[in-house]
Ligand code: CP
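Let's start with one chain on its own, the form predicted alone, as structure tokens.
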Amino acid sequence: MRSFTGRDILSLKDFERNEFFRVFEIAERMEPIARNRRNTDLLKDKTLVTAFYQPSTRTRLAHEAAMIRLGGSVTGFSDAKMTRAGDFYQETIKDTVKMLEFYGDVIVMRHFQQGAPHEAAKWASVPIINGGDGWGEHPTQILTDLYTVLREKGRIDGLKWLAVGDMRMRTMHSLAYGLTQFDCPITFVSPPNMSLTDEFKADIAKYGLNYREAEHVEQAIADADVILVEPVVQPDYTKSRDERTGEVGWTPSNYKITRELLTTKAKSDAILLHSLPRMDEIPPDVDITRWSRYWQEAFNGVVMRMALLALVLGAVE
């Protein structure tokens, strides 16, 4: 297995099966620190730089909380427009990261341009972690989701997945790549204009993903062990900020997970994931049902980032 020390975390295409389990092993080791709301000194001499060109709540703060839990420091920006990276000058990725690498030991980047973290990795002498790149990928979120499933179910192999939402999303891309390393058939349900692209289908076919597509969530939910939901009402991820005016559409019933649907159609031990934020695709009354795991997922997001930071900075090998 390749060492994680100094490694970029850009895509789940890069992950071999045993590497997933190594990350999960370290995450489980980190879990008591976060659960007991304590800090350690594992990364006391290290600094995390956050370079967020798009809005973020969970991804940015989870990385920052993870670094603080490990005793490290945090600097960076959460709005590129307030820096020279995104104002009048529109500084290049190369110029920005060549500076940021002197300010810390690892950089987490979210960008509206697909491939921007990969470009950053070409120029940075410190590890780059992809916090979401346009319509590209979101590897740390899906590592979080897979870890949540492992902790809740005790396994990943053999579970049937249902993914509901916009299949152009970066989370869905990382999910598909991640599941190619496990024995997990998956059904994708999305509006026709948000379905898997032909190009992406050709790509995941090379990796042997066992998948099918359905038009309505009711056609697939009964067999699902894991239900992962994302909104079909989406911002434009190719923009630094999507500030729309007027009414934003609501989710059609085909793509909503309601309490009634779960009660009448879902397996009693299925688990429901959502990376958040949500619109109306999961109504609030689902939160207190036995299926919901998105708050546990949020906790695991800190644990997963603790594991990744410890690994890429060489604190654990």
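Quick note: we count residues from 1 along the sequence shown, nothing fancier. Quantities reported herein were computed from a predicted structural model and do not represent experimental measurements.
There is another form of the same protein, the form predicted in complex with the ligand; it is not shown, and what comes next is about it.
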property: Answer range among 65-73, 23-31, 39-47, 276-284 for contact with the ligand, defined in the predicted complex as heavy atoms within 4.5 Å; result: 276-284
property: Contacting member of T289, S56, T258, N254, with respect to the ligand in the predicted complex [4.5 Å, heavy atom]; result: S56
property: Contact of S190 with the ligand in the predicted complex (heavy atom, 4.5 Å); result: no
property: In the predicted complex, H173 touching the ligand (heavy atom, 4.5 Å); result: no
property: Partner proximity in the predicted complex: Q141 to the ligand, non-hydrogen atom cutoff 4.5 Å; result: yes
property: Exercise: R110 in contact with the ligand in the predicted complex, heavy atom 4.5 Å; result: yes
